[in-house]
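Shown next as structure tokens: one chain only, the form predicted on its own.
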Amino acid sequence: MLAAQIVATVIFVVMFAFIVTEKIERQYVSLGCAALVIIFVFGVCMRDVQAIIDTLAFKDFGKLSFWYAAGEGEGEGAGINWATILFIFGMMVMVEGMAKAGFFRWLCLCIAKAVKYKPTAVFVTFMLMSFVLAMFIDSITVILFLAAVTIELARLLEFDPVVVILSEIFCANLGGSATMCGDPPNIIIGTSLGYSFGDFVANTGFMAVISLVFIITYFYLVFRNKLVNKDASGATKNYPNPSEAIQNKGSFIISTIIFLIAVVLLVSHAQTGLTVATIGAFVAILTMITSFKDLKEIMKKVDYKTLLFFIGLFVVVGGLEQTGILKLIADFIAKISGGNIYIMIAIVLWVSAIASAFVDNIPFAATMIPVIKNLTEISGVPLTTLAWTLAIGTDIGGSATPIGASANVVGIAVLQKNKYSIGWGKYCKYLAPATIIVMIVCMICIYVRYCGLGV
């Protein structure tokens, strides 16, 4: 087993190194490393065919609990979490259908019009919209459309779009932490540990809303002088009409209905027993049927690279879990914390945040789930406490640097494409302190709510 542990660890470290350097696209890295795990860890070192079967987990599709889990969790064992893959695929298809119908641009322009195109009001409402949308839709899509409309309005109203988009990026990451479907790490945590949409809203959502108050205040105080409308001429401007965003009214109505159906199913899935895999498959099929004319274009835009990356990642992490490496890490954390719940929470929270600021939070979250399971067994600390701590750390920590989360990369790319410069220094100057503020607020919330501090 020692040889298998060494090989599994080396493959994992190599995978992370290649992901960080970005020399090779990450889906090729994860799939290549997954193949190495199957061949050398499970095949050569362990000689365990069952380990390969368990890790590939194709049998999950034939289980009733994979599709319908009333009265029981949706938790998965080691290996590929197909529920996560299917759910993300379904949401991707639905979002592309909504984008094609002009939903996002229409929503942005409606809100801008409602606040009478005042820069400060646009700034605050767009932060709120970024937070709310990211609760249900991946932050990449949210930032793509918000940033494009923000730049359009910035040119019209003559304010600095950089500070608004930086605020939107942070709020998208914060909003993603509030629900199970808002951020990929949460999807992985929820499907792996059997938590529902409501569980996330009541726990990480509670902390995210409290943090949002602090963050809006922080960004307003820091950026308020950059939101002054420079145009004092009083000239009449031609503001964009929200209706211009709607290309096809029928498609727009249908895509909006599908989105609302998805939200209702997610909110009620703990009561209905429908798993996220079923919900993902249902909204994907519904979108395909109702958008048949545009199906080819919609399916082309689905991010298959991310789905393949997930599949490879789950196999590599499965190798670490089945060889016992993750249990050793849990033992180490339990030892240095001395079994103290406060120290243990601080370690999981801040290590997750710091790691996620520099490496992809998706593989980190997938790696840490078995670790916190083992920590619970060793220390007796409730799994839910460590799960919410891990979710907050991985979701928020990525906001601190330009490479920490996909939304950050996309937002900066949109700015650069439109000739607005934003480097590491300027980004970290504003968003690193914001990240620290939220981490401190959330740590206090965790201590008070789950550890009885001050109670």
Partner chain sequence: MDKQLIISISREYGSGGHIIAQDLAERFGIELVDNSLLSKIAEEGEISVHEIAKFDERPKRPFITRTVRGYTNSPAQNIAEMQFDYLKKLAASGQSFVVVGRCSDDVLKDYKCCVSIFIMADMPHKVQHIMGKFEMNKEEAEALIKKKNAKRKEYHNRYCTGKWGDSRNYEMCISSSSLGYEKTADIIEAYVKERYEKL
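Residue numbers count along the first chain shown, from 1. These numbers were taken from a predicted model, which means no experiment stands behind them.
The same protein also exists as the form predicted together with its partner chain; that form is not shown, yet it is the one meant from here on.
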| query | finding |
| --- | --- |
| Sole residue of 403, 51, 57, 29 within 4.5 Å of its partner chain in the predicted bound form, by heavy atom | 403 |
| Single option in 440, 20, 432, 10 placed near its partner chain in the predicted bound form, where near means a heavy atom within 4.5 Å | 20 |
| Candidate spot 107, 148 and 150, all three touching its partner chain in the predicted bound form (heavy atom, 4.5 Å) | no |
| Residue 121: touches its partner chain in the predicted bound form, heavy atom cutoff 4.5 angstroms | no |
| Any non-hydrogen atom of residue 138 within 4.5 angstroms of its partner chain in the predicted bound form | yes |
| 4.5 angstroms heavy atom contact with its partner chain in the predicted bound form for residue 348 | no |
| Its partner chain contact in the predicted bound form: residue 410, any heavy atom under 4.5 Å | yes |
| Segment assignment from 60 to 68, 417 to 425, 383 to 391, 43 to 51: heavy atom within 4.5 Å of its partner chain in the predicted bound form | 417 to 425 |
